[in-house]
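What follows is a single chain, given as structure tokens, in the form predicted on its own.
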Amino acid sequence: MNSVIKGAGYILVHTPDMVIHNGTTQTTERVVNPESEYLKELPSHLRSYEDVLAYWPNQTYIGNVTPAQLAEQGSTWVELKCPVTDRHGKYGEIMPQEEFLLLMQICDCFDVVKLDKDFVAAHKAAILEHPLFDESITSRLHDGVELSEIEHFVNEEGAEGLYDHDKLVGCVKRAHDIDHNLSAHVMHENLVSKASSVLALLHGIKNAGIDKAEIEYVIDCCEEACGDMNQRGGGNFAKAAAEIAGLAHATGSDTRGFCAGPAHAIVEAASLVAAGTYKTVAVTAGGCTAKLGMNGKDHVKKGLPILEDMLGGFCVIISQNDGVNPVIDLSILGRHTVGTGSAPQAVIGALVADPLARVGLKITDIDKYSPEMQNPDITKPAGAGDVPLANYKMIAALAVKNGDLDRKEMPNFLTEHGLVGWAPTQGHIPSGVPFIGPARDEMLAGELNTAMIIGKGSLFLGRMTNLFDGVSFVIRKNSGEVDEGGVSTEKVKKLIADSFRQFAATLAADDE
């Protein structure tokens, strides 16, 4: 039995002030070189909300532009203006910073988020009018406090400031006096991830066309960790986000695997559904403040805007086979094992060629591949090149080596089986999953038969192992055949009757 992709949600949050105050490139620079030219120039390179709405990759991420339409514009879009500038898209939305700060306060369960009462009053209406926020969510919003109280927490008690247009409008307090795991910095980081995950969850459920009560399990696969000094990664972002989103019938847990985390989580969710453990599972992940402005120095040096000013989030709803939605084929799973090694050819072999060969398929039999879908506008100026293109070249080279492709056909392979990158640099967000929503749409429209989602991760960043990591899975257009989820009472009675008849016939034969 296989499971299907019932729907997907993709959200972005424009957070220019968090670039300055929370991105690790900037916070590190402020410690090492507080008078640097970079920090002085940075504010003039921040984009407006209108700018981010008119950016082609952003509109692709939320579903107003298809990956094919994006590819028609070339491979760099920073100088272009997208004709579609809507906040809301087919998959989700691009939320402005002001509303997101109020959403953070809504997601706060321990009174650590304080917002200026005038700031809340100015933006409360937008929260109340949000189409996905019901009364159970909006009733959690407080009216705010005096700015002087916020200034005290920031100046005297080490709270993390919340800013809008470089003006202090709130703060996140520490949740413990001496526990570093509950410091203001960590609480801010985790509440940002939780709030953006809640937004993605709500869009994913809406797009799947299901009731919240149908979600039985939630898996969070972001790159953060919550806990205290006794269990620093104890977690359950999943259940925390489910609570705010109103998923009263769900439980959940967290899966971590650096950038490969989402692919691991989707395989786990698909397996749980296929096994009958749960009927419907949501895989979700919020954004990561540390990666805001990560390549900012290179962008500013080249006269570009800060393109890493967006938090990203996604949600995929996985359910029992309905004969309609695309199937996650659990018979074709790629695994980077402990013994695989880190050579690029070995990695692509383990994740792409090997799982296909096990079921008698060639590399060219998969219509589209979705590996690390990093936006080249972000990575190329930083010297990292076009990451998706590099992956496709490796896949094509392996196809040639295996005899699946003629060398002269490699350029065509890159365009026919590849995609341009459009995801924000949020670590786990680009790793394969941005294409799940578009792939589902194309399969439902009869335009695509198969897609391979590839997640890759750098485990050595945690200083526990030098190993690389990766996992892949294939999505197929549904054949229309629904898996039998059980046996009817009539069939059970017939099976029992047949067994008795067979047993009686055996006794009769023995007597003879």
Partner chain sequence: MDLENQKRVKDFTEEFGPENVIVILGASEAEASGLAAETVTNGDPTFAGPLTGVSLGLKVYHVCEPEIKDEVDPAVYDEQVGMMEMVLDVDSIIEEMKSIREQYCKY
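Positions refer to the first chain, counted from 1. As the structure is a prediction and not an experimental result, all values here were calculated from the model.
A second form of this protein, the form predicted in complex with the partner chain, is not displayed here; the remarks below concern that form.
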Determine whether any heavy atom of Ile178 comes within 4.5 Å of a heavy atom of the partner chain in the predicted complex, and answer yes or no. no
Look up in the predicted complex whether Met464 has a non-hydrogen atom within 4.5 angstroms of the partner chain, and give yes or no. no
Although the partner chain is absent from this view, report whether Gly227 comes within 4.5 Å of it in the predicted complex, heavy atoms only. no
Is there any non-hydrogen atom of Gln345 lying within 4.5 Å of the partner chain in the predicted complex? yes
Please pick out the stretch from 416-424, 83-91, 121-129, 376-384 that is in contact with the partner chain in the predicted complex, where contact means heavy atoms within 4.5 Å. 376-384
Leu333, Ile210, Leu398, Leu272: which sits within 4.5 Å of the partner chain in the predicted complex by any heavy atom? Leu398
None of His152, Arg232, Lys302, Arg140 but one has a heavy atom within 4.5 Å of the partner chain in the predicted complex; the exception is Lys302
Site test, His249, Ile366 and Lys368 vs the partner chain in the predicted complex, non-hydrogen atom cutoff 4.5 Å: no
Could you run down 406-424 and flag each residue that has a heavy atom within 4.5 Å of the partner chain in the predicted complex? Arg407, Met410
